[in-house]
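Coming up is one lone chain in structure tokens, specifically the form predicted on its own.
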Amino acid sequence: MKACFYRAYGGPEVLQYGDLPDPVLEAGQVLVRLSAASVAPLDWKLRAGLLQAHFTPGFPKIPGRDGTGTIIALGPESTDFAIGDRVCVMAPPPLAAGTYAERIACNTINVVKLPDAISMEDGAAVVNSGLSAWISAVRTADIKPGQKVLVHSGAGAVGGLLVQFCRHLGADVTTTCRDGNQDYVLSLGASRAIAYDRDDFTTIEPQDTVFDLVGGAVHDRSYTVLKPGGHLVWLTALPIVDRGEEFGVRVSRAMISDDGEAVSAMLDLVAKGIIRPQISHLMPLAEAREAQTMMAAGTVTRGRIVLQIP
């Protein structure tokens, strides 16, 4: 099969496009003919060797945390799916096999059905980012109607879904973004958009919850905008210092792990038109090296790059 892969850590140049053996099905797995895969920050950071303290994948490593496609074969004991099912797949980072490939063998626990109303490309853009948004807003923050919520980086893949999802849950959403993305995040459902490269977000009224997708200085300044007893939820980014006790607020890390229930819940909202997938670029699989280079350079400011797999 055709795939993008690397045999050692390094820069974008180690990412190759070529032939690898087809996956071999095991018990409890399905074989998926992939149609699309998203490009996430984790992909290039793992390739660059920046996450060796957390993940030790096998080589050759095929990048890709998520993708969409069609089941073409069933392994023994795979009873929940049928050949021809349209599905989304989640590929745990430690595994050698990711989604930048024509085929992937997945454990059925990491596979969910893709509603017919959603295209392969839109589905791929939602799987991992939607998982992060759902776990952050529901399991970690327990967002309620009427709450005031600040989402940092609201134009990004996770931030944009958080803006839409928190609005759907009844929250009053403020978000930060680049100056050129203000109209975009307002179109996603934010009540207010603050250009972080021009304005000071700490002047807003006190918030019930802040979602920090940045870390570092942004995390540190976010304490000042929380109400007493408020909640600062952070996802892995730049290092943070927990100052919750000092400010009288809760601080929680959103622990993101593959969860079919969460992905299915987000896909249902997409199928109903409540949440809009965000795709910045559609690129062929053979251009995965360029896609990762763009992601690492910070030139992708809206949603996900999605690779189309011929």
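Numbers for residues come from their place in the sequence shown, where the first is 1. Note that the structure is predicted; figures quoted are calculated from it, not measured.
There is another form of the same protein, the form predicted in complex with a small molecule; it is not shown, and what comes next is about it.
Heavy atoms within 4.5 Å of the small molecule in the predicted bound form are found in one stretch of 239 to 247, 261 to 269, 39 to 47, 66 to 74, which is 39 to 47.
Contact between residue 300 and the small molecule in the predicted bound form is found at the 4.5 Å heavy atom cutoff.
Of the heavy atoms in residue 159, some are within 4.5 Å of the small molecule in the predicted bound form. At a distance threshold of 4.5 angstroms between non-hydrogen atoms, residue 15 is out of contact with the small molecule in the predicted bound form. None of the heavy atoms of residue 209 is located within 4.5 Å of the small molecule in the predicted bound form. Here is the short version: of 174, 140, 132, 110, the single residue with a heavy atom within 4.5 Å of the small molecule in the predicted bound form is 132.
Only one of 90, 118, 235, 193 lies close to the small molecule in the predicted bound form, with a heavy atom inside 4.5 Å, and it is 235.
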